[in-house]
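One chain comes next, on its own, written out as C-alpha cells in the form predicted on its own.
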Amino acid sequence: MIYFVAAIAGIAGFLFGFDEGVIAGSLHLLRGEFSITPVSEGLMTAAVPLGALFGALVAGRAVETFGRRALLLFAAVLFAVGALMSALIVAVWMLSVARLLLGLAVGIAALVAPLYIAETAPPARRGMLVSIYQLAITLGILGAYVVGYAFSDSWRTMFLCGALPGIALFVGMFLLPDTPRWLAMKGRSEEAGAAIARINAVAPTSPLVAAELEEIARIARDDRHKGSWADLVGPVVRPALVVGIGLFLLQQLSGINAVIYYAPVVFKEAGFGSASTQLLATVGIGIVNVAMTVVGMMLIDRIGRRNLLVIGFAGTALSLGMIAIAAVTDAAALDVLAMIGLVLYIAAFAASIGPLPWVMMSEIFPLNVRGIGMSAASLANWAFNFIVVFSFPPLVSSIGLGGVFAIYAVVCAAGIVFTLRLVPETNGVALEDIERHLRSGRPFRELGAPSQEPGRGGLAPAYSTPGVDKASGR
C-alpha cells in the first residue's frame, strides 16, 4: 500500500517535471508563431518557478489547516486548468499567465507531496520512497522531451498533454486518506488509526497502530503551541532551516534548471545542428536523468544522505569543470569532452543533489513547524530556480557558456564543505527522533552518530542502526 501512496503523490512530481521541461520542445515553434523578445522569453520560461514561489508561500500554512490530501487535490485541479489554458492561448502574455498558474500548482505540490510520503513511510524506507517524487520529476522531464519530439509541429498538443496526469493525480488522491500525523494532530484519532492500519495492511486493533498513535500523540503534546515563522530562526529549528535552505540553494545554483530548460540551446552550442537533432539529444539526457535517479533511490537508504551528497557534489563539480574547459577553449576536438561532461553532470546530479534536498526537507523540521519550515525551504528553492533560469541567457551572452559552467562548478565544490560541516545523517532515523535531537541542543550534524544515546521512542539503538524499522514511528 505504501508504494501505491508514494506513486500517486509522485504524479505531482511528474507534473512538476513535465511543466518545466515542455517549454524546451515548444520554444522554437512559439518563436515562429509569435514575436518573442529575449525578456518575454525569459519571463515566459521562468513563470513556472515564479508561480511556484507563491505556491510554496501559500502552502506553508494551508497544509496545516486543510491537510495534505486537500492541498494535493487543489493542486491537481490547477495542473489540469493550467495545461488547458496553455494549449488555448493566442498571445505570449497569456502563456505566461497560464504557466504562472501551473507554477502555483507546482509550488504547492512540491511542498506537500514529499511531506505526504514522508509522514506515511517507515524510517528504513523513507529515503527511497520520498525519492520517488524526484524520480517522477525526471520522468516528467523525459515525458516532456518525448512529447516535444513526437509532436514537434504542434506546441498546443504538447501543452495539452499535461492535463492528463493532472486528472490522474486528482482521482488518485481522492481515493487516499490524509496522513496519520495530520489526522492525529487535528484530534481525529480514529481516522488516524484507520489510515495507519490501511497503509500497513494490518487490523485497526493491531498493537502497531496503537503504538504509532501513542508516539504521534506524545510528540504532539510536546509541540502544543502552533509554530510560527519566528520559531524557524529560533535556536531549536535554526539548524534545520539552514540545512533545508542551504541544500536547495546549492541544488539550484549548480545550474540544473539552466540545463533542463535550455537543453536544446546547450546542444546547439556544443555543435548539434538541426532542432530535431537537439531535441533527440535532449531525450537521451532525460533517459540518463531517470536511470541515475533510480540508482540514487537504491543508494539513499544504504550509504546514507551525507555520503551520497558528497559524492554528488564532487561529481557535478568535476563534470561542470570539464564542460567549462571545453567551452572556453572553443576547440572542435573538445566537443566530445563537453558531451561526456554533460552526461556525467546529469548522472551525478540525478543520483544525489536532485532527490536529497526534497527528502531531507520532509524529514528535518519538528512537527509543529513542519509545514512552514518546508515552505521556507521551498521558497528558497523557487527563488533561486527563477534567478538561475532568468539569468542563464544574458550570462551566456556576456561571459559565455564556459564562464557560466565554471561558476556552477565552484558552487558544487562549496557544496562538499557545506555537507561535511552542517548536514546531519537522517538515514533510518524516525521523524520523532530527529525532532528530539534538535531539541536536545546537540550539533545537528551529529545526528546519526553511533555514539549517541537512543531516544525514548527511537530505533534501538536510535541512530546507529538505520536498517531497523520500528512500530512506533515513521
Ligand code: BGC
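Just count from 1 along the sequence shown to find any residue number. Keep in mind it's a predicted model, so treat the numbers as computed, not measured.
The same protein also exists as the form predicted together with the ligand; that form is not shown, yet it is the one meant from here on.
Heavy atoms within 4.5 Å of the ligand in the model of the complex are found in one stretch of 203 to 211, 171 to 179, 187 to 195, 379 to 387, which is 379 to 387. Although the partner is absent from the chain shown here, 20, 252 and 289 each have a heavy atom within 4.5 Å of the ligand in the model of the complex. When contacts are judged by a 4.5 Å heavy atom cut-off, residue 239 does not count as touching the ligand in the model of the complex. The closest non-hydrogen atom of residue 256 lies within 4.5 Å of the ligand in the model of the complex.
The shortest heavy atom separation between residue 141 and the ligand in the model of the complex is within 4.5 Å. The shortest heavy atom separation between residue 315 and the ligand in the model of the complex exceeds 4.5 Å. Interface residue among 159, 365, 345, 358 relative to the ligand in the model of the complex, by the heavy atom within 4.5 Å criterion: 358. Of the residues 371, 246, 354, 321, just one reaches the ligand in the model of the complex with a heavy atom at 4.5 Å or closer; this is 354.
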